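As structure tokens, one chain now follows by itself in the form predicted on its own.
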Amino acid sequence: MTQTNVIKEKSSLLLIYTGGTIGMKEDPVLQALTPFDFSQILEEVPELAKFACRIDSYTFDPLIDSSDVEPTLWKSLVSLIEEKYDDYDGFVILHGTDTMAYSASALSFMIEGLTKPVIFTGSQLPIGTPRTDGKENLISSVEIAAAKDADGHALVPEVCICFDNLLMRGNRTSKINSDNFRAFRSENLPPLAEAGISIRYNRQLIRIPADWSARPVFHKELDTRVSILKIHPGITPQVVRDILCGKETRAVIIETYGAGNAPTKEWFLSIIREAAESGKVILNVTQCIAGSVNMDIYATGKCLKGCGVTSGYDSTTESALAKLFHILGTNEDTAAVKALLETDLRGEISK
């Protein structure tokens, strides 16, 4: 890792609050947690005033609980960033933790050719409580979003999640803990940066745009006809058939064991084959927190591959879902969809 932390004077950031724990503060009258006004963010986090940048805020109305996040929010976020892209040097999105990895994954695919940071963050405790992790997460996110190299280019022109002193690629990250400050992990890719006494950047892992002057392409076409089937002992033929062969389903993510293994019973493989032959896309991702799918190692994996299943390699389920939404939204041809699934589009898989 290399230590680089240059903040361009008078750079500007847009702080976007969608909802979530981080934006809550105890109302002294109501004795309850209520959202605070982010236009007064410097009163809550005065440390932000020390950065040489302007911070504007935008708050969604109504606020959205993380559990209620839908693709419509992603489209709204992409539209907002597209509208404000030329006015700011970076974007910090405050978001509830439960679906943050899904949203970060989605925006990574929906914004093609990104040249500025889009950093998601949040907290496990409200920013108004004494032991909150929200202030540190927000301060680190702002510092990283404003950081530039000697040429004035963003140090991290990616969609990321910044949490508990780690900056992680958004489409490589999953929430793994519901009651610990270290709520997120990126098990198949090291952090892009670590915030200690100084912020140290893992520069060789950060994706750099081919053309810094080119404007990104903002995609808003999503096809959400995707289901997820988690393989488990005792799974029944009816459950498998209902998910894989549903009329309204265009693609299915199968969460398999280990390196991509699943039952080899004939009824199971027969349904897989039937679904694939009907034109459905079937993507294989592992249930394991770390590791990759390799359908060439074991006989079970080879059976799935022979039935027409596509490898998700070391993709997270959140990333696989977002990638399918994006690819299906822009492609009608099944062969083209499968080819793109096996292509590393935004640093989401290792091949």
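Predicted model only: the values in this text are computed from it and were never measured. Just count from 1 along the sequence shown to find any residue number.
If you look for the form predicted in complex with a small molecule, you will not find it shown, but the lines that follow are about it.
| Region of this chain that lies against the small molecule in the predicted bound form, out of 306-314, 49-57, 285-293, 65-73 [heavy atom, 4.5 Å] | Single hit among the candidates: 65-73.
| field | residue 98 within 4.5 Å of the small molecule in the predicted bound form, heavy atoms | value | Contact with the small molecule, yes.
| request: Decide whether residue 123 counts as a contact residue for the small molecule in the predicted bound form under a heavy atom distance cut-off of 4.5 Å. | output: Looking in the predicted bound form, residue contacts with the small molecule include residue 123, since a heavy atom lies within 4.5 Å.
| request: Consider residue 11 of the chain shown here, and say whether it contacts the small molecule in the predicted bound form, taking contact as heavy atoms within 4.5 Å. | output: No, no contact at 4.5 Å.
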